[in-house]
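As structure tokens, one chain now follows by itself in the form predicted alone.
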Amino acid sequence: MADIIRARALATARGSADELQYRPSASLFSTALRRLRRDRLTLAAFGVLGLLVLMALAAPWISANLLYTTYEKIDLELRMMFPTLAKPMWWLGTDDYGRSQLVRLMYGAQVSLGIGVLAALINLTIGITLGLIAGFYRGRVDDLINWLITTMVSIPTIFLLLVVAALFRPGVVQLAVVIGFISWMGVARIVRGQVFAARERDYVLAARTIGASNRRIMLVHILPNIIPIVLIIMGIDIGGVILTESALSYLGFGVQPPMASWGNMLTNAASFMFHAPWLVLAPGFFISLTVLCLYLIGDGLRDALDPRLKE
């Protein structure tokens, strides 16, 4: 009986050893997820940003069914009302036209976050494409793309935006497209440097050996390995675009009233800083909170996706 028990224990131990020996190694993304679960600050930033996105998406329903007003409804009898708990629509007061500041902040989140995401997607697409091509082919192709990057960087971004805004008065989508098309240079430079290093790795040489085309090497072997840095850049870029839109709106060349954005709400409230400070504090707080969350998420993703960091 003892021999049978000893044999079973030995078989169980061998099975456990075999499982440990043949267990697949953790991938980069599974390791990153495990690190993110332990990063409370980054998780809190994700949660706050998720609430802001949810507020923006639910703005029409909330304003119609809970607050019973719209972002453009004017009531001059209620102008410059101090924040009060009498009605939910007045929790953050009213502006100089009697419009609910809370409703306009929710609709402003739609515009500001929408411009940030769309412009970031555009500049990432352009920057990744040109950076990938320049870093992979090098030579004259790299010289041409590098010349284009240098030329675009030499033009002051805010000056170019002001010229375009003054000439064409772009809408929300057009403004996001313009910002995206003139802000891809930093992304292209970072991706170009990453591709310079990646194209000399062993897996790229192995792909060349088996006859993989240049297009397949770029899209299948190199691009997935620079995705972590792209995710980090995207979070930071969205925050930068929101600040750019806010600066343009503050100068009077961004999103035009009566459409609400956090930037033009600050512009309209600038002259009431001492008479109605709540008109300035609320949009300024949401801009600062959103950009802070995006930067914290970018920093957390950088730490989680860095294979050189130990657990």
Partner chain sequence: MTKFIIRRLMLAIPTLIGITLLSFALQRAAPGDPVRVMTFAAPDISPEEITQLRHQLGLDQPLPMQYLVWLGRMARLDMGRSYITHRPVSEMIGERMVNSLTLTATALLIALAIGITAGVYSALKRGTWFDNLVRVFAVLGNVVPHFWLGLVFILVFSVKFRLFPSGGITTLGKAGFDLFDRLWHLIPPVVILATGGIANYSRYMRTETLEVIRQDYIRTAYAKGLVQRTVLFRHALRNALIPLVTVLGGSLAGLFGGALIIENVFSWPGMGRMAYDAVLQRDYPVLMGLLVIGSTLIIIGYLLADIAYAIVDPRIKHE
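Numbering follows the first chain given and starts at 1. Just so it is clear, the model here is predicted, and its values are computed rather than measured.
Unshown form predicted together with its partner chain; subsequent notes refer to it.
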property	result
Stretch in contact, per heavy atom within 4.5 angstroms of its partner chain in the model of the complex, of 171-179, 149-157, 110-118, 223-231	149-157
In the model of the complex, the one of P277, G47, P257, P60 near its partner chain [non-hydrogen atom within 4.5 angstroms]	P277
Contact assignment for its partner chain in the model of the complex, among A166, L144, L205, A212, heavy atom within 4.5 Å	A166
Contact flag, I287 vs its partner chain in the model of the complex, heavy atom cut 4.5 Å	yes
Exercise: A64 in contact with its partner chain in the model of the complex, heavy atom 4.5 Å	no
Contact label in the model of the complex: L266 to its partner chain, heavy atom within 4.5 Å	yes
In the model of the complex, L162 touching its partner chain (heavy atom, 4.5 Å)	yes
